[in-house]
Each structure stands twice: as C-alpha cells, then as structure tokens.
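In structure tokens, one chain follows: the form predicted on its own.
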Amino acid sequence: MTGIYIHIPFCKRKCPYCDFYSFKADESKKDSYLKAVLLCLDKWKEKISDDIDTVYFGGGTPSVFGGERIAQVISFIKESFVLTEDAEITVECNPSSVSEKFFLEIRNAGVNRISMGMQSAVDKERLTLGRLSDCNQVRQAVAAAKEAGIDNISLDIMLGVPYQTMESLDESIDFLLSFDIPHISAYMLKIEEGTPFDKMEDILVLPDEDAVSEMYLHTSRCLSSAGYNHYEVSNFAKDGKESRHNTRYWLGQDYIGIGPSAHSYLHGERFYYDRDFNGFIEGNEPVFDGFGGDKDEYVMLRLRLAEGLDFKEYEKKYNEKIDEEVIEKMKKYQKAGLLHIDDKGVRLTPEGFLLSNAIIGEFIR
C-alpha cells in the first residue's frame, strides 16, 4: 500500500509561528496549481504499482483551495490509481475558511476525515497566534462537517503558547471534549527560525519550559481519562481512529508527496520538491534525497509511537539483535519512569516522550 500527500501552499494569512511553505494567492494561481498537481500525479502513476489506501491534503490551508478543486484532485486519483474502498481521505481545514457547501463538496468527492486547526479555545491566545476565527466559528465548523456526513474529525491545540496558563489550557481541553470527536492532536509550540515569533521571542509572554512540560503531561492525563489513547508523541485517538496516513510515516511505509516542499518515501528512496511555487508550476522534477529505512531511522520513528520498538520485529528486519549494552542502559530510564522495557520491546511513557531525543540518542549511539 502507498499513501499520497498533496501539499496546498495557500493561506488567507500567514500565522506568526508557522514555518510551513505557504502564502496568499488569487484564484488564477490556485487554478494554475490545480493543473500542476494533476500533471505531477500523472507522472507519478507510472511509478506506483501498489494500491492507494490514504490520501492527505495538508498545507498551508487546503480549505482555501476550495472544495471543487479538491474534488477534482480526488477524482483524478481515483481514475489514475487503484484507491481502496476503505481509503482514508483527509483534508486539513481552518474554521475561518469553511462552509456547509465546502464540506458537502468534499464529502461527495470521497473525503471521510477532517483535521481542523483550533490551537486554543481562549480568544486572547488565538488572536496572538494569528487565528482568524473565534470559538463560535470552530463550533459551527464542526457541526457543519458532521451535518455533511464527516464524523471522523480531528482538532488540535498548541501547548506553551503566549499567555497560556494551566487554567486556560483546561478551558481549551474542556472545549475539545465537548465535541466528542475521535481524534485530538496536541503540539508544543516551537519557535522556528525566520518566523515573526522568532523575531519577537524576547518580548513574547511565554510559559517557561517546566510549565510547558507540565501542560503536556496534564493534557495526556486529561485526554487519557476521557478515553483517548496517547498513541504517538503528539496525538490522541479513540480506539481505531488513529490517523492512518500519519501513522504510515512513523511505520516507514511508502508515500508520495505532491507540491513545493512535499517529501516522498518510495521503495527505500527519499525525494522532495523545492520550496518553489513557480518551479513546481513549470514542472520541476523532485530532488533525490538519499536512502531511508536504516536502523537508526527505524528506532527513532518506532519510539515516537506508544506501541514502541518490538525487538523481534527489529531482529527480523535487520537480521541482528538490539545490543544488550544498550538495553542495560535503557533500564535507568525505566527506573525514572520514562519507559517500559521487557523481553518483547521498549516503549516510552508520556514522561519519556518529553525526553525522547535524549533517550533515542542512546539507542542510536
């Protein structure tokens, strides 16, 4: 099986924390991009023999691309590839750029999952993050998606944002839980180089590192108590509602990425398209980015998942066992409550997720 990622590099306005490749565009540019995406998919179809079981529209803000254009892309995928009957088709959207018409258009095209950016239920925090919608618009957007027949909905919040406190975080969590949706993502704010937040870092009113760590663990505890599985570092889902497309990244499965800045992993090789809109429109070829799937990458990705690293699976894949010295080193982390390790494998706890880079570094060394 193979997945398809479609990058939509358009936004109504660039958020001050965002480092993804995106910009504001008129309808003419969107039409030109649609043509380029279809041509690009047409080139890739000769290289894909597997069935397609996940399609993901990310961005940017795919909802500003319009339901009709998204439907055309899905229609082309159905004509050009073998799309499984139970394929997961996800569209990211922003509450400020959706409508009942939009959800009906994409649902009729086959979209069965929505990932919606909320970031916070506290208007002061949302305003600082550059969000254009208020909580009422979020509620209306969720209701409109469900009315159109899309029940598989994910909302996200950000942790460690300006002015955030434990009390305001609880307000956001309670708001999320009021929807009874199957999936929630919780990302810690990272100040990316070159963004407006990077230039403002000295004056931003941010919670300190210890406070952000406690917010993360508090979020994990609250969502777990509400019936969500903390299945990946930043993701929580009801049983069977994990993001199938994103999980393929962490399992090292094949996918192709379409659009400027999009990456692909196919048959052990990695490719990417430059962050160049005009170049993509003109038909630039993807850039070879080396080989993937080595032991270090495998360990790193598996330890992002709550199910962790399975020793027998590792041995079968690489024809060698995990070094016993490494396993012994891991036991100190188990005593600290950062992971669980036994004869079957190793998996990080929520506390371990916070220190995953250091712990994974021990395995890789």
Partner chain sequence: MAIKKENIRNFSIIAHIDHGKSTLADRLLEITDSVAKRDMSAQILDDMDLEKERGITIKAHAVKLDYKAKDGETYELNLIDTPGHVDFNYEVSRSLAACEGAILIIDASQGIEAQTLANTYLALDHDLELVPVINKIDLPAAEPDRVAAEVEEIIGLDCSNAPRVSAKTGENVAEVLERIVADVPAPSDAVDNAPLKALIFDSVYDNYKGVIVYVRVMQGTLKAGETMKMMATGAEFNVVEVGYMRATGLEPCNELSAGEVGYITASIKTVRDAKVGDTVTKLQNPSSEPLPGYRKVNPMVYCGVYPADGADYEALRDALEKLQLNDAALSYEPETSGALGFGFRCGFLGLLHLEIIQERLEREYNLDLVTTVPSVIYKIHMNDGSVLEIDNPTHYPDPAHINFCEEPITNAHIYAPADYVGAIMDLCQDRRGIFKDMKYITTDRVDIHYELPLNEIIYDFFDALKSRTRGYASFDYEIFEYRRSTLQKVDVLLNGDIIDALSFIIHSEKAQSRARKIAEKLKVHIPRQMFEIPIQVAIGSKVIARETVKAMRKDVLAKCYGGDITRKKKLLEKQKEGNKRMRQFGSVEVPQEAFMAVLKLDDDN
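Positions refer to the first chain, counted from 1. Model, not experiment: these values are computed from the prediction.
Not on display, but discussed next: the form predicted together with its partner chain.
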Task: Partner contact for Lys78 in the model of the complex: its partner chain, 4.5 angstroms, heavy atom - done: no
Open item on the list: Using a 4.5 angstroms cut-off on non-hydrogen atoms, would Phe10 count as touching its partner chain in the model of the complex?
Closed with: no
Task: Touches its partner chain in the model of the complex: Lys43 (any heavy atom, 4.5 Å) - done: no
Open item on the list: Please tell me whether any heavy atom belonging to Asp294 falls inside 4.5 Å of a heavy atom of its partner chain, as the geometry stands in the model of the complex.
Closed with: yes
Open item on the list: Within 4.5 angstroms, counting heavy atoms, which one of the listed stretches 139 to 147, 167 to 175, 203 to 211, 67 to 75 is next to its partner chain in the model of the complex?
Closed with: 203 to 211
- [ ] Give a yes or no on whether each residue among Tyr187, His263 and Lys332 has a heavy atom within 4.5 Å of its partner chain in the model of the complex.
- [x] yes
Open item on the list: Looking at Val233, Met116, Leu223, Leu129 here, can you tell me which has any non-hydrogen atom within 4.5 angstroms of its partner chain in the model of the complex?
Closed with: Val233
- [ ] Could you spot which one of Asp198, Asp289, Asp151, Glu105 gets a heavy atom to within 4.5 Å of its partner chain in the model of the complex?
- [x] Asp289
- [ ] Note that its partner chain is not shown here; using its position in the model of the complex, name the residues of 148 to 168 with a heavy atom within 4.5 Å of it, in sequence order.
- [x] none
